[in-house]
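Form predicted on its own, single chain, as structure tokens, below.
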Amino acid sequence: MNFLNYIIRRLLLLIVVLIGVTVVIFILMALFSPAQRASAFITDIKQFGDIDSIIRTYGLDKPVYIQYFNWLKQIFQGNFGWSTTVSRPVIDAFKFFFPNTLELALFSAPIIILVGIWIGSLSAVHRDKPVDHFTRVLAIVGWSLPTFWFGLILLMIFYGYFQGLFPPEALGYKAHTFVNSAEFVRYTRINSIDALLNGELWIFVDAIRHLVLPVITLTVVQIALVMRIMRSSMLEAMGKGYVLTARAKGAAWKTVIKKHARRNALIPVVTVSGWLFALMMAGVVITETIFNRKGLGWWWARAATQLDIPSVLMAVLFNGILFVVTNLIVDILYAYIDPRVRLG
């Protein structure tokens, strides 16, 4: 019951925080002129010819509180304006680019988190032994690699030297043509998943080939952070009184590690893992740009350079909601891992 009450309290707080996020975004909007803000209400490129009408229709020349509620109303109706960067409504652009980013995150995050936890635990258990020194060197090297440099090296080797073994973009030409035909049913718009649901194994293989290099780039660079935090947290947990007591009572070392030390060591790792996944969902700009993988990061980077206000506002709103929800999930995981958190 305490766990359920804790979740309800966090959900109520979530609503308040989300309202605060919309207020902050609206304040940023207010820095632009009414003509510039009008683009956040346009749903058709033809409307750019009559900006004055848009200003009157949506009350952009009225008091601030009226403008705020008019904007919220449009947001709830799914009208986020027109993206001049990709020449389509912002909501349609989001639906188009989001699956590519989600697919990359779904394949990268589990590897980063699970392998990072495993290597970090292994390193802590074998402290100051060869395996510990080896994993620490790997972590330092991985964390020191610039993402853009590492990605370009991989692209040069596996696409250039090995003649397109692992190509950039999301799909090859043949697969791209097929998935956009009437024969292919789009269930999720995630290429690899839809390929399996359609029974097209060759498209699934093609999608995986295009995922290999961006996944490796993200994994090698980010896994080092999870590993180092898990190692430090694990070492701290192994020195706690309850672990030493369990050992003194004759409990097996593996049991002490799995049931006592590792569980408590996961709390800081949960925070980092949640933020890493949220950052991937927000769009990994460098990785998506290097491999020409048209996702949210690819789109929003171009929108920012072209002063595409509606697209940038969508990015800010999505990121705000994403990180607020991520914090909620992390808090719930805290309460599950450590029941003492529920009483706070």
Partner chain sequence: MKKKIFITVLCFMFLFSMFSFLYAGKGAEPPPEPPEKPPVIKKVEPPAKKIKNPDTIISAGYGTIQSLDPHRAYDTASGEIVMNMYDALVEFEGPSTEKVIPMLAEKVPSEKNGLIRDGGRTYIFTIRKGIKFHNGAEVTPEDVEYSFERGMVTDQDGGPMWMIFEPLLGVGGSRDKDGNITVDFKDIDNAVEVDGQNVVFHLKDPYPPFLAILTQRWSAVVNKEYMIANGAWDGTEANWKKYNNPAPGTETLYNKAMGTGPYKLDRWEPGVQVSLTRFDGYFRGPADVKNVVVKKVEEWTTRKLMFTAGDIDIVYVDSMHWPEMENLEGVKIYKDLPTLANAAVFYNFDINPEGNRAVWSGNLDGEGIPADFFQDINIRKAFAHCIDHDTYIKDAFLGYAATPAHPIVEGLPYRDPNVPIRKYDLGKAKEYFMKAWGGEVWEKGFKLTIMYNTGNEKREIACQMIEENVESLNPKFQIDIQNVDWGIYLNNMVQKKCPLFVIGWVADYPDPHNFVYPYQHSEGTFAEWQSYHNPEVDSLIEDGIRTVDPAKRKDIYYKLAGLYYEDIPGFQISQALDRIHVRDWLSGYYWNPVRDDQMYFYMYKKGY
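Not measured: the values here are computed from a predicted model. C-alpha atoms forming the largest set that superposes within 1.5 Å between two forms make up the rigid core. Residue numbers count along the first chain shown, from 1.
A second form of this protein, the form predicted together with its partner chain, is not displayed here; the remarks below concern that form.
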> Do all of D52, Y159 and T289 end up near its partner chain in the model of the complex, with near meaning a heavy atom within 4.5 Å?
Replying inline: yes
> Among 226 to 234, 71 to 79, 150 to 158, 102 to 110, which stretch has residues whose heavy atoms lie within 4.5 Å of its partner chain in the model of the complex?
Replying inline: 150 to 158
>> If the cut-off is 4.5 angstroms on heavy atoms, which of these, F48, F26, F318, W275, is the one near its partner chain in the model of the complex?
In response: F48
> Does L279 make contact with its partner chain in the model of the complex, using a 4.5 Å heavy atom cut-off?
Replying inline: no
> Taking heavy atoms and a 4.5 Å cut-off, does R263 contact its partner chain in the model of the complex?
Replying inline: no
> Does the 4.5 Å heavy atom contact test between S39 and its partner chain in the model of the complex come out positive?
Replying inline: yes
>> Can you tell me whether V64 touches its partner chain? I mean in the model of the complex, with a 4.5 angstroms heavy atom cut-off.
In response: no
>> Using a 4.5 Å cut-off on any heavy atom, which residues of 180 to 201 would contact its partner chain in the model of the complex?
In response: N180, R189
>> I want to check T57: does it shift between the shown form and the other one by 2 Å or more at the Cα, with the core superposed?
In response: yes
>> Does R293 move appreciably between the shown form and the other one, meaning a CA displacement of 2 Å or more on the superposed rigid core?
In response: no
> Is the C-alpha displacement of W275 equal to or greater than 2 Å between the shown form and the other one once the rigid core has been superposed?
Replying inline: no
> How does the C-alpha distance between Q36 and F318 change in the model of the complex compared with the present structure, closer or farther, given a change of 3 angstroms or more?
Replying inline: farther
> Which way does the C-alpha gap of L296 and Y58 go in the model of the complex, closer or farther, given it changes by 3 angstroms or more?
Replying inline: closer
